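For reference, the chain that follows is the form predicted alone, supplied as structure tokens.
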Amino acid sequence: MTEPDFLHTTRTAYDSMAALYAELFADDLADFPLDRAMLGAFADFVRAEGGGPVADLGCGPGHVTALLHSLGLDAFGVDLSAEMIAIARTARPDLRFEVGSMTAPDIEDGTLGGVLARYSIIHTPPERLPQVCAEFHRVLAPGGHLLISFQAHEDPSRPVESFDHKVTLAHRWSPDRVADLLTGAGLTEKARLLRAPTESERPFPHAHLLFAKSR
């Protein structure tokens, strides 16, 4: 099967700057207490449902995968970039990291207690996002949880718009539109957070949506 162009472009871009990216974002959660709070809540919900494996889809160099592990989750990372995965494996040899795509993750149906997609949908073409949402639903076990984060905008007349990301072309979404797609995929919203950008993140707000798969 021929790989979609956007996957090749995204992989190549992140492979080329994997080492720099890992260095720049090694401690990127230190200044974001609200982001850490959402990750903590996500971990609490997953544990309350009995745990189960948690996939960090688009894990990059694996620092957030390691955080999930420290919160008591059986977390593993998946990323499109082989260079990112190599860095993650070297830095955290006790954890599992795999090369793969969230458009078709090599994960059995209904096996995960949780899915984290932290800023990893932003390079997905808008017409492909429903497919990704369907994959989130497919891999989650009943009662499983999804936490998805992305750069956002608040104009309901424009569900998505492109922006010049530092690595490669990216898209920022209306939180309502992403919520609608996840609901359409069969997931149920539990919470959302829309926070203002920091000085280094300006001008875009950031959205964090917590969803669950019904039992």
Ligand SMILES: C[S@@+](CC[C@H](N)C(=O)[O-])C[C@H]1O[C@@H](n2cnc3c(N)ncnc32)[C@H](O)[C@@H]1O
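Bear in mind the structure is a predicted one, so any value in this text is a computation, not a measurement. Numbers for residues come from their place in the sequence shown, where the first is 1.
A second form of this protein, the form predicted in complex with the named molecule, is not displayed here; the remarks below concern that form.
Partner contacts here mean any heavy atom within 4.5 Å of the named molecule in the model of the complex, and among 106-114, 89-97, 135-143, 120-128 they occur only in 120-128. A heavy atom within 4.5 Å of the named molecule in the model of the complex is found for exactly one of C59, L187, I148, V54: C59. Looking at M84, you'd find a heavy atom of it within 4.5 angstroms of the named molecule in the model of the complex. Although the partner is absent from this view, V64 contacts the named molecule in the model of the complex, with a non-hydrogen atom inside 4.5 angstroms.
Contact between M102 and the named molecule in the model of the complex is found at the 4.5 Å heavy atom cutoff.
Shown alone here, A75 lies farther than 4.5 Å from the named molecule in the model of the complex, counting heavy atoms only. Contacts to the named molecule in the model of the complex (heavy atom within 4.5 Å) from stretch 11-28: Y14, Y21.
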